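For reference, the chain that follows is the form predicted on its own, supplied as structure tokens.
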């Protein structure tokens, strides 16, 4: 047996990507192993996956499993745009901040970004960049991209997604949704996945699995075939086509065929709510000083500001990332395997570090 090189009991709050794979997902990979299956998506698991996604998003959807979220976003957006097209997004969007320039350098896509204090777009914000059609000197705004839940842990309601879709479509633009944490959004909103995607007017979806218990794997989901073209070629062109695709598809089936996607997301959200609730109580009772919250906690993320010296002390033990170091803003993420004991230990660590009496 290979030596275990890490402490399997350690869990931090830096990212839901830090979590391992859910045991049910690992079991699905094992079950898909053995014997031979047609490569590059010609296998029975990838065929079954089309049916599973149709049960959540509606008949006629097309599913293209890929390796990772950046690949899903770039490939999806390429399929929605001509060479002269541009994408409107929030300035905080993952495609703008965290994908290493892949949309621009790999996808050849112009991003038109607008500031948003809560990470969400509105029709009014979209209009800051939705102009210049027919002007040969301007990249043409042809796609709007939103993230659900957003990079700031906030949520679009069903009506907000529908308003954006209607606004985009009225201007001849299509709507893409980055759903890296789509399951967390559905769990928090208490509605089916279809309600704020297909039924709300989203055209193409990047469906996230890695942050919700998959070993690896995401999917591009075409909800409106008229808004996307060439994905069968673009996935290969972007090096996102797995030869043994059955092992990506089997994981997505395990996630979505039953309620694993929902159970895992509900748990992660509940742990974030537990963390936020406990810290709210410490702040409201005056037990700690210097702790403020910078965003509402609506899914599985808590955003807060605290003294710089305390950030480093707490990070040493609990692991988390700065979000805006200049503002002393940090992000705390919860995962499908975060435990109540993890939360309680973290809360106690924060209470001890920021205790009012200790700073008097």
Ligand SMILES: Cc1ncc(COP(=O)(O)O)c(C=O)c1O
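Residue numbers count along the first chain shown, from 1. Since this is a predicted model, take the numbers as computed values, not measurements.
One more form of this protein should be noted, the form predicted together with this ligand, which is absent from this view; the next part is about it.
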query: Listed residue that, although this ligand is not shown, lies within 4.5 Å of it in the predicted bound form (heavy atoms), from 94, 120, 194, 263; finding: 94
query: Contact assignment for this ligand in the predicted bound form, among 129, 160, 99, 257, heavy atom within 4.5 Å; finding: 99
query: Contact at 56, 198 and 222 by this ligand in the predicted bound form, all three, heavy atom at most 4.5 Å; finding: no
query: is_contact(residue 352, this ligand) in the predicted bound form, heavy atom dist at most 4.5 Å; finding: no
query: Non-hydrogen atom contact residue 249 with this ligand in the predicted bound form at 4.5 angstroms; finding: no
query: Residue 235 within 4.5 Å of this ligand in the predicted bound form, heavy atoms; finding: no
query: 4.5 Å heavy atom contact, residue 339 to this ligand in the predicted bound form; finding: no
query: Partner-facing stretch of 183-191, 146-154, 100-108, 161-169, counted where any non-hydrogen atom is within 4.5 angstroms of this ligand in the predicted bound form; finding: 146-154
query: Sequence-ordered residues of 202-229 touching this ligand in the predicted bound form, heavy atom within 4.5 Å; finding: 211
